[in-house]
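Form predicted alone, single chain, as structure tokens, below.
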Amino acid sequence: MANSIQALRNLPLDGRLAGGAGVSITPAEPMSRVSLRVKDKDVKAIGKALGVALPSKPKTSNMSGDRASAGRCALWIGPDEWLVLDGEGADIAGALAKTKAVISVVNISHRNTAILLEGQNAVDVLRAGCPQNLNDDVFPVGACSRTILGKAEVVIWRTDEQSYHVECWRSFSDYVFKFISQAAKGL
């Protein structure tokens, strides 16, 4: 019998923790992610196949689970673009394979990672490097937006009153984590 070797992927922010007065910063657990493009006429059918409705309004999200870390989430990124996350690591593209709609599904699970900010000062940490208006009346729980943080493109998703999920490319994760950590120290 032949021996086999399995390559294990290192998580980009494995073992890192940071924080400051009123905020904790941790890497998110691995999850499945796809960039999804769908024409208007197929949005409802694709949402049904995914098990979570694709939001139709800018800067909104929908979840199939009760928490951002479990279940499936769809974040509105653009007029015909969504970021779909699955905290259980399920095959999102596989769920869409049986649909007859013409769609674009790109698995970005290994390209992206996420950083979680929690606490009463989490929003202040984000404001240190993000020009987006993150006030409660403009960016309520469930809001999401592709924006910048420092010099990196990110997707910020408000998952709870004092919790934010920051998606970034794996190659920028060290920069984003350090930027957020320094901002937290300045509180």
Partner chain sequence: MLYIRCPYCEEYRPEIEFRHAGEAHIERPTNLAEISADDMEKFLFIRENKRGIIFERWRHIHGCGRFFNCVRDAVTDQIIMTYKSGEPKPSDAEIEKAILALKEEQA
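Quick caveat: nothing in here was measured; it's all calculated off a predicted structure. Positions refer to the first chain, counted from 1.
Not pictured, yet referred to below: the form predicted together with its partner chain.
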Checking N62, T159, S32, S145 against its partner chain in the predicted complex, the residue with a non-hydrogen atom inside 4.5 angstroms turns out to be S145
Report yes if all three of R37, P58 and P79 come within 4.5 Å of its partner chain in the predicted complex by some heavy atom, otherwise no. yes
Would D136 sit within 4.5 Å of its partner chain in the predicted complex, counting heavy atoms only? no
Within 4.5 Å of its partner chain in the predicted complex, counting any non-hydrogen atom, which residues from 105 to 132 show up? P131, Q132
